[in-house]
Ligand SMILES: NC(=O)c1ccc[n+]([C@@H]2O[C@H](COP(=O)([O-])OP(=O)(O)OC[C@H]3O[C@@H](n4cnc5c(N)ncnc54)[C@H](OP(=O)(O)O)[C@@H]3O)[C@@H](O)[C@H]2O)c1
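Take a look at this one chain, the form predicted alone, written out in structure tokens.
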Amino acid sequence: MSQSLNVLLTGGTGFLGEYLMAELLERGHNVWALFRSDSKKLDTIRFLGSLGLPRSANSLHWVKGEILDIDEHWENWCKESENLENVDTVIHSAASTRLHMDECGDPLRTNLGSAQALKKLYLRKPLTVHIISTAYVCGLVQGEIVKEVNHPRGDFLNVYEESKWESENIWQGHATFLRPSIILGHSETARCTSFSGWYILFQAAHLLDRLMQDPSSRERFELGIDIPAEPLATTNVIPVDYVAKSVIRIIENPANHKKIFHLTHPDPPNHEWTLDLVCRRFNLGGLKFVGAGAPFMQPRNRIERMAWRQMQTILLHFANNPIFDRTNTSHAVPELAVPPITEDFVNRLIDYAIEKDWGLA
């Protein structure tokens, strides 16, 4: 590892942000964490404390503010936060993960606006900037290899992907792009604080199981739902700890700066494997993939209607099936093994999510 970095971390109280902060502190870097919510700050402090971090009294500083104001209020923040002016590195992890536009204009307001505000600061203050993006800035891709390059505007499945593409466009040539795929809980503890993405499939099956009540009912094994997606296509998912470790090790080496890295799984699970696991876990049957573009079958009865409503909530998560090239990532962090996606791991993810009532507890 090179010398200690002085890092401004945005989004440090978010799910990935907490692990990025922990990894920075573990590896001896100095962190200024931008935050808005005092309660989330307290939760993050508790999390770090459970890991025995920070280990130095001077290694973690908190900066209260809104990322959209970073250019306008930077000088005031420097007056209020000790040595903030010494920051030379930014990891921009703050983001709205909403898939559809809300009444406030998110996710575009936060994701695009924060990229623009940070760029204004960058143009008057020397900073090394690293952007947490998403591998799905490629847009809709069916089974093709997606390279670690800048992409032309694609057909996006949701506004979140589009907002991340727009943000990359602003920073092209000036920042490192770190592109995780769909982030899961910790590979060992299964800890998670954001149950979206792949978790929606598990939550839908869990709700369906509860709605049907009788565990021995024949109806739950004869749902008769055809899902219009390819059974052997894959959903690229990656544990949060692998992403955090990769990000920090990548940015520690200046030779990696201003490049693009896919923080994706080299051996992701295919849809058929995932659905089989979920059906066995929740005692369900009669769900099958019938290929992309297959016609939607109309439910024939109350049970099928109930099942189909749940399947509709997760259909988009089976629709985009790119294969991600990892050449840059594999070269930058060859020593980091990617945790396998096993049945035991998925069951631990589900157990943890149910224990936390899918984030409602």
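Remember, predicted model here, so these are calculated numbers, not experimental data. Residue numbers run from 1 along the displayed sequence.
Beyond what is shown, the protein has a form predicted in complex with this ligand; the following relates to that form.
Contact with this ligand in the predicted complex, defined as any heavy atom within 4.5 Å, is confined among 276-284, 83-91, 174-182, 214-222 to 174-182. Contact check for Y242: every heavy atom lies farther than 4.5 Å from this ligand in the predicted complex.
Looking at S187, you'd find every heavy atom of it more than 4.5 angstroms from this ligand in the predicted complex. Proximity of A95 to this ligand in the predicted complex falls within the 4.5 Å heavy atom cutoff.
Contact check for A332: no non-hydrogen atom falls within 4.5 Å of this ligand in the predicted complex. Proximity to this ligand in the predicted complex, taken as a non-hydrogen atom within 4.5 angstroms, holds for one residue of A229, I251, V137, I132, which is I132. A heavy atom within 4.5 Å of this ligand in the predicted complex is found for one listed residue only; from T110, S246, T128, T235, this is T110.
Shown here without its partner, the chain carries R36, E66 and K164, all of which come within 4.5 Å of this ligand in the predicted complex through at least one heavy atom. With contact defined as any non-hydrogen atom lying within 4.5 angstroms of this ligand in the predicted complex, S194 is the only contacting residue in 187-204.
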